[in-house]
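This document starts with one chain, in the form predicted on its own, laid out as structure tokens.
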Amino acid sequence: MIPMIALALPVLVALLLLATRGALARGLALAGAMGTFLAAALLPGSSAVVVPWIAGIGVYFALDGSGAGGFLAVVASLVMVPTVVWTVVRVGERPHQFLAALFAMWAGLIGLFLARDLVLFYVFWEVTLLPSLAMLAGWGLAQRRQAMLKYLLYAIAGSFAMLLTVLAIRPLAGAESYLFADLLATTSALDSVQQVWLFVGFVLAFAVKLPIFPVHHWLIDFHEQNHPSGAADVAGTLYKVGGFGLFAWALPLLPLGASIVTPYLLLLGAFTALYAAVIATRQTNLKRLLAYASLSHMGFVAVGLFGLHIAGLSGSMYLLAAQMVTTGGLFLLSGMLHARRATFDITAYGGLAASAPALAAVMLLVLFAGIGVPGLANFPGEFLALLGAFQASVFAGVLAVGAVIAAGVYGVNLYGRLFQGPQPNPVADLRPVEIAVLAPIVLATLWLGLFPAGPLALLDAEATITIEGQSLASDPAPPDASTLQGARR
């Protein structure tokens, strides 16, 4: 029942927020955020829920929080709590509707991470698109219409590719249902041509929301034009779930197709990481810089996935979780900086550490975590993703290492331009509510950096399914029943 509670709570809160106003809406949002987080925190030890939904075509309402999806749902929920608090403080125009969109996004993310039926996964994938569009359209900046149209075009193209793949995979495989276990037991028997086409269909869908070059253009305008508070940007950061789709569905279900296609995608992921990091060094708009930094992180996620090595697979999901915390935290910090100077133009800042040392210290910590400093959140996943990449292609690994160097450049330069040098006008240091918003981000940054063993063991167990599938795909002998049973687990 825990997965159902974790999913139903944010849905209920979103609906109630549409009918409330003022202090009641704020109190409901804060209580709903804590309740949803507490329910999500119980997901890793919970039992799966599997009930018939559209029985005639083999579709089940199947949710499971025991794997990688449960871990990602916990981290996403942890980040959403301070985001809701910050929204209550900073969004003054129709805040109850903005909060309702945030909770709808939260529910969609939980459903997407926990779904173990492919049709159900597709439904949550589509449903989660709507709140992100609503926040951009209703509370974005002057050029939001163009940003929204660009985002929508990319999203529709990806969704169409996924729909075709979902419709084709079960009848081609002859599976009993769309449940992951039933698909896993049959898709490995598909021939190489079928697997390649199905895998490419998944890649076209998931690459948009990974994202990687060249289907990333929507991302930059999306972040630049969102509400200045940074709250909608956090939701957008959590919605970079294409890597999870590849990890949870495409790679384990289509091992032969993956082995044929991923060498090219590995190089594309490494190029994305380096390209985005280099472009980030040249940005003067804070949100655009953070958007390119986030794109570079997604390149590392792709590198870990497409190396088809257990270390890289686990590292990619760990990095996906870590960047939720660090990139989300940086967008919240960008909102706090905007509240002080009313601009995202980095050249308008400088010397803030003199009057706001606590703000400078938190920014330095989260920024260093984002560029992969050891002991902080991004480092374990980034290191493992690189390790997996080098097992598959030394050239791709070297390209990705170049991105690490470029990340150090933009990170150090950004901090210097914001907080060092002469200070034209003093600004206020962190207020109590901002400390409350940033405290979970700081704690999560340290937790993920210092104690990665538990989550990585969980991710390793799920990554093993893909590795076993790769072994079976390269072995011409038919697998016996015991091997398939092990892969199901």
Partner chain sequence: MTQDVVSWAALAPALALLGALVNGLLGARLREPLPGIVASVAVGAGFVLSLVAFFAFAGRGEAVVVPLWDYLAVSGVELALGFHLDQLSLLMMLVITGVGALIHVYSIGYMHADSGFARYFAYLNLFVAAMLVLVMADSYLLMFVGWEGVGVCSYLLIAFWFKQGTNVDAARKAYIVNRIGDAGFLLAMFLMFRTFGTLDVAAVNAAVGAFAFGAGAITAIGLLLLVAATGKSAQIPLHVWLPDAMAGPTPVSALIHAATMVTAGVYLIARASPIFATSPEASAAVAWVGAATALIAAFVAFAQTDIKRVLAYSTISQLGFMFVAVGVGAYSVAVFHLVTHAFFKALLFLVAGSVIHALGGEQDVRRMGGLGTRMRITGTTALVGTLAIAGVPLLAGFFSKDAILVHTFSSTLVEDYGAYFLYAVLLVSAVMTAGYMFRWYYTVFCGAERLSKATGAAVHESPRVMTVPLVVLAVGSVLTGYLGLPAFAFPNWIEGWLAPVTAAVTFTHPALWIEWLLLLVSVLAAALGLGLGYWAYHLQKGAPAARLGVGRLAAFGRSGAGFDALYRNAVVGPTEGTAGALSIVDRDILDRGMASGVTAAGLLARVTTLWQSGFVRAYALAMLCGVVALVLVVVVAGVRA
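Numbering follows the first chain given and starts at 1. Here the structure is a predicted model, which means the values were calculated and not measured.
Omitted from view is the form predicted together with its partner chain, to which the following refers.
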Next on the checklist: Using a 4.5 Å heavy atom cut-off, which of 333 to 341, 242 to 250, 108 to 116, 395 to 403 contacts its partner chain in the predicted complex?
Outcome noted: 395 to 403
Checklist entry - Looking at Trp86, Tyr349, Trp139, Phe213, which has any heavy atom no more than 4.5 Å from its partner chain in the predicted complex? => result Phe213
Checklist outcome for this item: Checking Arg90, His96, Arg288, His227 against its partner chain in the predicted complex, the residue with a non-hydrogen atom inside 4.5 angstroms turns out to be Arg288
Checklist entry - Thinking of Phe103, Leu179 and Glu468 as one candidate spot, does its partner chain come within 4.5 Å of a heavy atom in every one of them in the predicted complex? => result no
Checklist entry - Does Tyr415 make contact with its partner chain in the predicted complex, using a 4.5 Å heavy atom cut-off? => result yes
Checklist entry - Taking heavy atoms and a 4.5 Å cut-off, does Phe202 contact its partner chain in the predicted complex? => result no
Checklist entry - How about Gly32: is it within 4.5 Å of its partner chain in the predicted complex, going by heavy atoms? => result no
Checklist entry - Leu450: heavy atom within 4.5 Å of its partner chain in the predicted complex? => result yes
Checklist outcome for this item: Within 257 to 286, the residues having any heavy atom within 4.5 Å of its partner chain in the predicted complex are Tyr275, Val278, Ile279, Thr281, Arg282, Gln283
